[in-house]
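Quick setup: the structure tokens below cover two forms of a single protein chain, split into structure 1 and structure 2.
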Structure 1
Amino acid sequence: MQSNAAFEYDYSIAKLFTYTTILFGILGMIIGTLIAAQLAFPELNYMFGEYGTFSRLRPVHTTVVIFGFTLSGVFATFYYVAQRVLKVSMAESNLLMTVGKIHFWLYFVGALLATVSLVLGFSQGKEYAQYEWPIDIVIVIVWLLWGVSIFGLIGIRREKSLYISLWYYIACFIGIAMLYLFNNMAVPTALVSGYGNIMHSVSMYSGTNDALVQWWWGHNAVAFVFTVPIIAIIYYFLPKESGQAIYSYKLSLLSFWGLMFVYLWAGSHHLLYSPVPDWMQTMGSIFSIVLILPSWGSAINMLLTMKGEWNQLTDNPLIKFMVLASTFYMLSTLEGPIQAIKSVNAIAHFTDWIPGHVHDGTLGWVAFTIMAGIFHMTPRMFKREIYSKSLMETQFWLQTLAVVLYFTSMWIAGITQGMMWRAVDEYGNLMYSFIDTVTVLHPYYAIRALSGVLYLSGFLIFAYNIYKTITSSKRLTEEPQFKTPMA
């Protein structure tokens, strides 16, 4: 085995993306907390005129947390992990350094443009793909640049075979490239007609077809942004931080190819009981159930990797973050398939149980994993130990409590709401007016807003801890092989 010290990896791009992860994380979670509060206290809609209503801000929240926070985290870890598992330095290729820099800056500009355009009201209307066509073009270029980085680094690698994390980064790249292109196909109206706003476009697909393409994308945006690259991250940082070998190569392999094969079929579980053909809905339900196992495979592989290492779980908050993340991953990948059963979806669809499910995944799994990755990378990129372990502990418990409050409140709210919509009185008439089903949710919306405040506070503590680590923590003379040093 070659020692790591033989290499000076170049972390400049990884550092830039780390900053934006934190920046967009704070912004996205502030907005998340605000919109959560708006549902409990509607007066909060009027703080910024027409730009501050729940409906304008909701897509801004999803954009900033998905394309800002999560993707930054994915890119940051990629530029860190890929060099190390391929044993090449970015600095070895001027071309790759340049591409990396353009990738970052164009990404940053694109993400800001996307956010601002939504605040201003430019929207294609399709969830997670709202940005109008000029911004889509920027996004596509950013994506291609990332592809150049991935395959460029692989091209000059010293390590012959690809580590598991890279399988997942590659899959993320290919999956999103394919799906994003298809779903965003649109015709700019000003170019065709010569009239009207240049930003405006109209979807290539209509009605039910558009719905199918949208949820083929929407579901797989979940797969290829919230699942696949996050697995890439945990597959590197958990064994690396703990010094444990991956429990089973076979399990990694089957989970990977199983996930790749099964995921795409499940998209129609977003369209159950809609006018799309019955057989397609049935297919979505079946594949969702099958999907439990390849999903749990990765989580179990992580938990088994920590077998016998109880002491690490209790001593090292970083390990705690990742073990809990795996558990929340298991929760959301069992909850999702069960919500995909037609009879359950009859209740769950359209209710708050779905945002509940979403945030089990995003807060418990995605954000925890990304934060753990940054905790591991920062001391190595900046050659300083982590500023404070006790702040990490505080953050961990605050955020864990927040996720539990989020999902219990939305779980109860959603099931109650779904059942109230269906309820009939003794005469066979609807028992509840719509507004009745809204007013009962008030306490749960308030709890969810509180959970947002807690999670956001945890994230601010995280940001502070990282800031102090970078600027004023104790310097390290040598890179630690496994466990991250912390004060």
Structure 2
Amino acid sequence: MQSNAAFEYDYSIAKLFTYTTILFGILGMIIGTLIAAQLAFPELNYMFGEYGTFSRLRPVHTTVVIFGFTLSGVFATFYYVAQRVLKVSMAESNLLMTVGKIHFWLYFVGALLATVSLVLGFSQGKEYAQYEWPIDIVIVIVWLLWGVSIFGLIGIRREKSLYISLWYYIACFIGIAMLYLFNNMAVPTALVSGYGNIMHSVSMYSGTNDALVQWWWGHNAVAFVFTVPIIAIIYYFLPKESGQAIYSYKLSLLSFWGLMFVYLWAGSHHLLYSPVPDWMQTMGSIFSIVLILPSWGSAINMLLTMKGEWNQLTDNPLIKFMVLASTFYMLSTLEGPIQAIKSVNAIAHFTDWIPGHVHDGTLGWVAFTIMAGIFHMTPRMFKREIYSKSLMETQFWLQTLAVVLYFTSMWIAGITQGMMWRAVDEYGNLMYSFIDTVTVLHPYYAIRALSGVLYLSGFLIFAYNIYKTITSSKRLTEEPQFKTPMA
């Protein structure tokens, strides 16, 4: 067995996925900023004809951020983390290297084609599952290739025990494999009837069954893309960056199994006050509230990892990113269960409080964690120190301000909407028309658009910093053990 000092890992695939993380991050955030501006200034809907309307671009934004930016970050960190915690190099297996390269290129080309298909208007009309059936087949193949990489590396590992991050990566693989497959079962209409567009399909479910399967998937897309693999990322990079062991390995396992058992059954809280059976709605609310326990278990474990080392926040921007990400995770996983309480949901549902909650998690928890992971990996993959610490600090504060502006403006807008929609006079008539609510909310929509500009600006600073790190920063003679070196 080789010593760790002499061991060389192969980061070629991790590097490729790092590039796509940044590429899809820029694309998804540009589109997100544009559609936020369209809500505040509707005339922007007509800039690019039918291809530039909010209705056409909104699913492009969500899927590029989920399946482009986030999954690229998950894949990039996996191909970096798995080798190191398993003490094995991808280069040791020609099969795994080939599978990894096919995984990347099929994913990249498929993601670009999938994005173009949505721009052209091909959509199933399902939240987080808009892609039509040919794209779904490509996604299934890509996912299976990742599974081969996961279990192939585990099969040839030198390290006997599986670090907790790998548990979360495996859960991501199994959860999405099951849920995505069942939710996207459809019949291609042209192949069956001989008529219509070859891209079009009809779901194999109908009515409330379709709704239940959709939100079984929809909420667990949040669980197994935006939560589980992001916990995997921070459980590796926070200890490695800080030099601190995880506060409690037992708590990490307890939280893992809690998330696995509880998260799967919370999806029906998206269907409160719908024709879905009442007991299912109640079950969704109860499991959502119980979900606070394993979620906060993970977040508290991350924060307590820094116990006695909070001074690192003053001079290491990477620790700031990860600690604030954990804080946003706590906030988001408290807010979601509160919105799942039936009496609260009666006000919150269909309002802007919901995207406020979603973006608190995606911008503050998911993106901060992925960017921190890339900042940690880049000097070790390319053997160069981070180009500029001051740019990292600027990015951190700019994006933190953006997230705060986003969720506070949407909290106010959402609660205002909910209360105005429910307001009635003494005769039981609605006091406000729909357009009245739109007029009142305009300032908050403008603030959301501004927050999008600020967050996008921070991400462009991040991309520039990584680019300069790779191309022209000071070379490292040896790999840093803990704190990432930065100029």
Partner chain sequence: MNGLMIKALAFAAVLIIATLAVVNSMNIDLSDSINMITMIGAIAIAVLTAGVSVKYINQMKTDTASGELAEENWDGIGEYKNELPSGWAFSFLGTMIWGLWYWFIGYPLNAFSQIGQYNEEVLEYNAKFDSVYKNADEATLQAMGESLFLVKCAPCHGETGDGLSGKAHDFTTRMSKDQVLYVIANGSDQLGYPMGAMPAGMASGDDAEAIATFIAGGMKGEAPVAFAACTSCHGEDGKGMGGMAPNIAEYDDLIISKILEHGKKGKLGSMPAFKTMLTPVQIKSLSAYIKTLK
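If you superpose the two forms and keep the largest set of C-alpha atoms that fall within 1.5 Å, you have the rigid core. Numbering for residues begins at 1 and runs along the sequence of structure 1. All figures in this text were calculated on a predicted structure; none of them were measured in a lab.
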{"property": "Pair member which, unlike the other, is the form predicted in complex with the partner chain", "result": "1"}
{"property": "Rigid core superposition, E43 Cα moves 2 angstroms or more between structures 1 and 2", "result": "no"}
{"property": "C-alpha positional change at E426 between structures 1 and 2 - rigid core reference, Å", "result": "3.3"}
